[in-house]
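Quick setup: one chain, the form predicted alone, written in structure tokens, and binding and motion questions come after.
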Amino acid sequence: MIWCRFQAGETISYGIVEDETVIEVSGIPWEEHARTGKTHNLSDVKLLVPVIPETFYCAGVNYRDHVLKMAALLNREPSFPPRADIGYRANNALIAQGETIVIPKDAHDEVQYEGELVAVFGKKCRNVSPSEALDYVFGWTIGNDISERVWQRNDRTLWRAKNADTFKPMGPWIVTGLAPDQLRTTVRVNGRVTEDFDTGNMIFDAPTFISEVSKYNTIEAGDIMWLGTDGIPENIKGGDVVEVEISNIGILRNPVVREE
């Protein structure tokens, strides 16, 4: 099933997407909800960020090929993470399908995309095993982890390198019933394929990450967890259009501008 969060006129609601129709729903998809009987043409509504999380988790380095390619590029030995460590991102950075990524005027040219699979939780999750972990996931969406690499290398924290306004496009919707290790991610810049990888080729898979985080942090319904990227991202600039496609989910498309 495909769930979206959308705006029609002044009304913001969740809805079920069937073909080119959005069926309006009262309530929250992972809680009590009901179909209202109202429908909209998908082309007539504005898709919003599919969920505003209380806690925004984000995996760091999590793809073997990414580590190997970066090590070769930098002429050094590959170093794989010893455990599934997690970081955090900020809600102010979230934007929806079709909204504009704005590169700050003082950012350097090294601003890059990262196409990521995103887990959306539907139940409170605490101290679960890897075999239980996916039972707590409501569905899956797409994220684009925009990063300013010079700031990332030189600031003491990632407060602006990863969390500047508009740096976290997410959407276009949430899809339930998927196996996260059986998907494929493709990134395109201005229609040109720049990354194409097996989404399940993670160093630590989604169940491992969820289990590890849940040992120490209570994951609440509505929280999200971004699961990392593969490949060597390229720089993006004002005037570009970035698309992240994950099979069986859809396409997250966002234009880019540089602040004047």
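Just count from 1 along the sequence shown to find any residue number. None of the values given here were measured: they were computed from a predicted structure.
Just so it is clear, the following notes concern the form predicted in complex with another copy of the chain, a form of the same protein that is not shown.
Residues placing heavy atoms within 4.5 Å of another copy of the chain in the model of the complex fall in a single listed stretch, namely 100 to 108, out of 180 to 188, 138 to 146, 100 to 108, 69 to 77. When contacts are defined as a non-hydrogen atom within 4.5 Å, all of I52, N163 and N217 contact another copy of the chain in the model of the complex. When another copy of the chain is considered in the model of the complex, only one residue from E212, D198, E234, D65 comes within 4.5 Å through any heavy atom, namely E212. Proximity of E132 to another copy of the chain in the model of the complex: non-hydrogen atoms within 4.5 Å are absent; the residue sits far from the partner. Contact check for W30: no non-hydrogen atom falls within 4.5 Å of another copy of the chain in the model of the complex. Among heavy atoms of F121, none comes within 4.5 Å of another copy of the chain in the model of the complex. Within 4.5 Å of some heavy atom of another copy of the chain in the model of the complex lies at least one heavy atom of V61. Counting a residue when any of its non-hydrogen atoms is within 4.5 Å of another copy of the chain in the model of the complex, the hits in 148 to 183 run W151, D155, R156, T157, W159, R160, N163, A164, D165.
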